[in-house]
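Shown next as structure tokens: one chain only, the form predicted alone.
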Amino acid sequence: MTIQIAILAKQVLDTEIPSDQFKINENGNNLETKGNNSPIINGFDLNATEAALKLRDDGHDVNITVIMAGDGFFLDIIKKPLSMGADNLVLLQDESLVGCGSTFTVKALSSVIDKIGPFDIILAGRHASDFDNGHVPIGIAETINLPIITYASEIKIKNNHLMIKRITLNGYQIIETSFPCIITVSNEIGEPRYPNLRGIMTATKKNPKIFSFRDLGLDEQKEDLIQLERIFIPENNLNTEFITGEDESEIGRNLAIRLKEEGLI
């Protein structure tokens, strides 16, 4: 039996770009870069890709489809999961998906899953590095009525069941579940593998399957329950006072005096 796996991935701004290279597009309510900086695939989504590939490494027959929603895709960037070993790439492409709220993204991705599925496992990163919300996988689980396990650090298949090691604040849990289900993956799953030359060459020959809103019947369903009102950089009006002294002991005494003057001790 071939296990059908979907991976939800997102193209995001490169998190390694210096902060002075970012700018806010107030008209579009989204972030942009000032230079010719290329985007990246969200790191946690690459962890999810690695989780799927590890199931193949364990000897399971898996077919891996990466699904992305957005616009302005950089083809050489978004093909990275293919070069790592994923089988298919599906894009839902529309400018309305840039800067939209998570509820509309949930509706759009759920429609893609319904169109090309069913899937036995749907994997996603624990959250995206641009807004850190983590709403989409949970919303999709609610929309298509599937159980969801979050923060997975290990996924195994045993006796046609999934065994998932889930990270918690105080350790971990072992959760057993059946197919189908949704799993969000944390970076503890392991570093994403580097694509080899064969994988890169294979990826260059594969073209993504592209859907529009019309293909999914979403033309008249662009209402978003969550509205992004404004993106802005918080103003910082704090003043920093440096405590000086002849040596560390005097600096410590002066600090204690200053804190007492302010009523903090």
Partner chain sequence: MIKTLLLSEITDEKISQNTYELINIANEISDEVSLVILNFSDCKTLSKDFDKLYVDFIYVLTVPPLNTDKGIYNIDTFVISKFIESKNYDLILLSKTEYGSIVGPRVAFGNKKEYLSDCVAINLRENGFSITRPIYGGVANADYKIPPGISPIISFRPGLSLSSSDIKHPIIEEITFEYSCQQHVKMINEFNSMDENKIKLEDAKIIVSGGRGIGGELEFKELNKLVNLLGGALGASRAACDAGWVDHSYQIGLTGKTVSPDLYISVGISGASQHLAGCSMSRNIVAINNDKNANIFNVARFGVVGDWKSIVKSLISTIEDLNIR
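Residue numbers count along the first chain shown, from 1. Bear in mind that the values here come from a model prediction, so they are computed numbers and not experimental data.
The same protein has a further form, the form predicted together with its partner chain, not shown here; the description that follows concerns it.
**Student:** Using a 4.5 Å heavy atom cut-off, which stretch among 183-191, 114-122, 75-83, 89-97 contacts its partner chain in the predicted complex?
**Tutor:** One stretch meets the cut-off, namely 183-191.
**Student:** Would you say all of 46, 59 and 216 touch its partner chain in the predicted complex, counting a heavy atom within 4.5 Å as a touch?
**Tutor:** Verified in the predicted complex; spot residues all out of contact, no.
**Student:** Exactly one of 34, 230, 205, 198 has a non-hydrogen atom within 4.5 Å of its partner chain in the predicted complex; which residue is it?
**Tutor:** Comparing distances to its partner chain in the predicted complex, the residue within 4.5 Å is 230.
**Student:** Does any part of residue 157 reach within 4.5 Å of its partner chain in the predicted complex? Heavy atoms only, please.
**Tutor:** Close contact is absent here: in the predicted complex, residue 157 is far from its partner chain, nothing within 4.5 Å, heavy atoms only.
**Student:** Any chance residue 248 has a heavy atom within 4.5 Å of its partner chain in the predicted complex?
**Tutor:** Output for residue 248 is yes: heavy atoms within 4.5 Å of its partner chain.
**Student:** Though only this chain appears here, would residue 106 touch its partner chain in the predicted complex if you measure heavy atom gaps against 4.5 Å?
**Tutor:** Within the cut-off, so yes.
**Student:** Residue 176: heavy atom within 4.5 Å of its partner chain in the predicted complex?
**Tutor:** It does: once its partner chain is placed as it appears in the predicted complex, residue 176 has a heavy atom within 4.5 Å of it.
**Student:** Note that its partner chain is not shown here; using its position in the predicted complex, name the residues of 156-182 with a heavy atom within 4.5 Å of it, in sequence order.
**Tutor:** Residues within 4.5 Å: 161, 163, 166, 167, 168, 169, 170, 171, 172, 173, 174, 175, 176, 177, 178.
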